[in-house]
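Consider the single chain below, provided in structure tokens and representing the form predicted alone.
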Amino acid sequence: MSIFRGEKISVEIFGESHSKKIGVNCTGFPKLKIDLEYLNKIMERRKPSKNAYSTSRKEPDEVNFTFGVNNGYIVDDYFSAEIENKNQRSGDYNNLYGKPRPSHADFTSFTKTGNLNFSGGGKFSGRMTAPLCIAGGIAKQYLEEKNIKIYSYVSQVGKVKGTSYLQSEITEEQILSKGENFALSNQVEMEEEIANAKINGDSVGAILECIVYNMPTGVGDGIFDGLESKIANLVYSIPAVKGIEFGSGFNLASMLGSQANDSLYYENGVVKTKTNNSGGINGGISNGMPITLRVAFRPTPSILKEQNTVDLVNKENTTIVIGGRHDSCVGIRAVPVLECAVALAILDETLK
């Protein structure tokens, strides 16, 4: 099990990629009527598709609330939901016993548990983002009822760049206009980048951006209780995330203070900033501007190319070729997952 313990809510994810079921236990959530259609749309966005970048593993991801929900309403301080795994194929990994896959958690989990069976990703698998989306989807629904809107999109795949908030302000209307596309621009070129990697038995990484609109001021706190700290904590719970920056992020390091500072001004009695280099957060507290963040996803470690590794049983060097079904670009299906992770962090802070 893996547990996020916030100030007001806790989220406990259980199961593994090839176990009979996976699920989530949640406490401290608002007692609201769950919009099942809304939640199912989030689950559908996360599921594998027929596109080149997606795994061929097909799961219905039907959410079954087993406790604390009655007629669609959260009626208890604690609720639980499960998803049945129906399409796992552990046999695809029989040749990997004792042979850790490069850049997976196989070797590090072995050093912790001694387990040599590297069947699927276990509790480290991207499959475990499905229960995260159950909790995050409910959090996102609650926040939208408070007019706090959270959107993500892909701004870069491999070397192909699309629209980014670093270039100019992105409105909510722009994001909504993309429909079911995962990017605001250059999606065809991004899909070609993924397809070329797949043809070569390889994978490719991505950068996702997330924007939170209508965020009220004064949410968060300093040091360990900062809003950036909590968001980063939840975002790093998504497998394959290797970097995060808020606002102009690392670009701030090459600016002068006079360039980086966000000047304040009044507009209709409301304090705003002329730029948003800080990404809507100062001192760990929201300043009322949109919260903006960029997240780097590594290329999927499971590739069809032969790779060097070790045989932990015979204690010798060896090579492996990974079978199974894997995404050629894990960042694409992570778009709704990122929204859900950010929603959980903001929900916990807004309930204080």
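All residue numbers refer to positions in the sequence shown, first residue = 1. What you see is a predicted model, and the numbers here were worked out from it, not measured in a lab.
What comes next is about the form predicted in complex with a further copy of the same chain, which is not displayed.
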In the model of the complex, Ser278 touching a further copy of the same chain (heavy atom, 4.5 Å): yes
Close approach of Tyr73 to a further copy of the same chain in the model of the complex, 4.5 Å, heavy atom: no
Contact label in the model of the complex: Lys242 to a further copy of the same chain, heavy atom within 4.5 Å: yes
Partner contact for Gln167 in the model of the complex: a further copy of the same chain, 4.5 angstroms, heavy atom: no
Full three-residue contact with a further copy of the same chain in the model of the complex, heavy atom 4.5 Å, for Met128, Tyr265 and Gly283: yes
The single option of Ile150, Met215, Leu234, Leu96 touching a further copy of the same chain in the model of the complex, heavy atom within 4.5 Å: Leu234
Option from 140-148, 184-192, 256-264, 170-178 whose residues, in the model of the complex, bring a heavy atom within 4.5 Å of a further copy of the same chain: 256-264
